[in-house]
Each structure stands twice: as structure tokens, then as C-alpha cells.
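Only one chain comes next, encoded as C-alpha cells, the form predicted on its own.
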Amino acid sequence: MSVTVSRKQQIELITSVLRGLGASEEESFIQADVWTEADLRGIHSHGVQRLPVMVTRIQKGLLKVNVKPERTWTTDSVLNVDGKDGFGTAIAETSLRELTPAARKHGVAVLTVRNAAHIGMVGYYAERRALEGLVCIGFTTTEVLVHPFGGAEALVGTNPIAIGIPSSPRPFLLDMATSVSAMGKIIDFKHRGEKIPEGWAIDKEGNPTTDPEAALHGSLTPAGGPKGYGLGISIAMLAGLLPGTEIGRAVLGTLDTEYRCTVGDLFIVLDPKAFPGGETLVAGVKGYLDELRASKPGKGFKQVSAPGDPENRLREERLANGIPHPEEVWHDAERLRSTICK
């Protein structure tokens, strides 16, 4: 059974819970908006199903509300942020807003974030910069959930990458984990009582599995074998070590309720106007994407899609008809609201 809710209902529920725990209006709204954008696009691994864990982390003092991050410009175009264990979503978004003038002035600007909670769907931030006419590349680290290529135990994070590029009528957005699936998707399949697809994960003995419970105790498979593995560890080095935080097994605090968050985030923002092809970038991107979509589909496919197309179609549908959630997920969220917002 499922429950269908509107974007407004979901944002109001999340913000009321977080406000009830002492979070500011800005923190609460950005967090709710990030999760709701994920659920609108079918990325339930990064949606409202994460609320119970966040509430527990706030109650335990692992995630702090109403903090003032420490922002330090080490050069005219590099901003380093210590989040003081606050909301990663709000800290990343507000810091990127502060970074934007530097990107426009110098052509490129870089943001690192440490000591902040999980930022959720990395594409959220990349798309917003692209809507402003900027190119944005974002990376973040996670706990070790992925086995190395050729390995049988988790030693690499899902370590996502997002790339937002201005285009028309919407920006181009690539948003992907470097594993075949995010661990949150495994949890979502478990909530829905469904088997996971073959090739997503192995169990704790290193055997391929379609059982989400076995996958939760095992590890995820790197996307594209050695390619996803190599990209995943590269992102760990850049987004983990450059901000001055952890790497490998020392990355904690996005899925658990026991440890402070030790992920790292790295964003690179480019102003197309600083480059020879900047003035024609939007037209060039649009033309190429249109060519891809109009190309001959392969067997079993009706049409060639560009990255982000299926998610955008689903978003429009759900804005009109609502977001479906397993009853367990939505009722857990409602119970939190009735308990916290008495």
C-alpha cells in the first residue's frame, strides 16, 4: 500500500518537524526542498525516508541546529567552510550562493565543506547554479558501502558526482553515484517488499544477491566495474581530503545514528562567459541533446534519452498528481510530527 502526497504537504511536514526540533526557517526549508526534489524525481533513497534518522541525530546532538558555519576565503576564488556539525544542505546551498560572485568575477571558484551533515541529492545544487547560467560540478563522500572492483568487502563510498550545465528549456544535469545503486535505494526496495535487480550488490560472503536485506549486510557493486571503482576512489581523495576531512572507513554519519558526520563536499563553479565558447554554450548543449534524443533507438528502447530526462518527466507528473510513498515511510514521518509538534 502507498500514500500519495503533494509537494506542499511533504515540505510542510518536514519543516514542521525540523522547526519543532529548533531548526531555523531557512535550514528547515532547504532540507525539506532537497528531500522533496529527490522524491519528485523518484530518488527515494535521498528523500523523506531519511527523516527518522535525522531526527534521532538531532536529538542526540550529532547534528546541530541553528549553527553559524565558519567560512574562510583562502584565495580570491577558494571558499572553505567548517559546518560546525550543522545541516549540510543549508550550509552547502548558502555557501554556494556566497561563492557565486567570485565565480562570475574570476571565471572559476571552488567550495569545500567539512563538518556538516549529508547534503542529499548532489544534483540539487548543480542544477540551481546552472539555472543561474553557471556550470557546476559537485562531489561528496559517503560511508564505505561499495566493494572495490575484484573485492568482497565494502571499502569505498558511493561517492556521487553531479554536473549541471546551462541549457534550454532546462539545464543539463548528470547526477550519479559511482556505485550501480545508492544504499538508500536498497532500503527503499526493502520498504516496498521488492527484490533488488541483479548486479546491484553482493552479500557479506561476497555472493551476488537480489535480497535487499542481504545487500544491507553486504556491499554495493561499483558502476561499470573498474571505471566506477576508479572514479569512486578519486572522488574520495578530492572531496574527502581536500576539505580536510576523512576518507575510507573513517567516513561516518549519514546513515547511522551513532557517529558525527565526517563526509566531505567539493564544488567547482565555472562562469561560461570566461571561456571562448561561453556565449554559445546554451545553444550548443541544447542542439547536441536534441540530436541525441532524435537519434535511432536501440532494440528494446522507444527513444534515446539524455541524462535527467526520465527524472524530469517523473517530476512533472508528480507535481501534478502527487508523490507516492510506502505507508510505512509516510506514517513514520507523520508520527514524528505528532510527537515533536504537540
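Start at 1 and count along the sequence shown; that's the residue number. In this text, all values refer to a predicted model and were calculated from it rather than measured experimentally. Superpose the two forms; the largest set of C-alphas matching within 1.5 Å is the rigid core.
The form predicted together with a further copy of the same chain is left out here; the points below concern that form.
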Listed residue that, although a further copy of the same chain is not shown, lies within 4.5 Å of it in the predicted complex (heavy atoms), from Cys261, Ile163, Met183, Ala90: Ile163
Heavy atom within 4.5 Å of a further copy of the same chain in the predicted complex - the one residue of Ala214, Ile187, Met176, Leu255 that qualifies: Met176
4.5 Å heavy atom contact, Ser305 to a further copy of the same chain in the predicted complex: yes
Non-hydrogen atom contact Val53 with a further copy of the same chain in the predicted complex at 4.5 angstroms: no
Non-hydrogen atom contact Lys105 with a further copy of the same chain in the predicted complex at 4.5 angstroms: yes
4.5 Å heavy atom contact, Arg97 to a further copy of the same chain in the predicted complex: no
Segment assignment from 57 to 65, 36 to 44, 289 to 297, 312 to 320: heavy atom within 4.5 Å of a further copy of the same chain in the predicted complex: 289 to 297
Sequence-ordered list of residues in 148 to 176 near a further copy of the same chain in the predicted complex, where near means a heavy atom within 4.5 Å: Pro148, Phe149, Gly150, Gly151, Ala152, Glu153, Leu155, Val156, Ile161, Ile163, Ile165, Phe172, Leu174, Met176
Thr209 C-alpha shift between this form and the one not shown of 2 Å or more, rigid core reference: yes
Did Gly244 shift 2 Å or more between this form and the one not shown, C-alpha, core superposed: no
Threshold 2 Å Cα movement between this form and the one not shown at Tyr259, rigid core reference: no
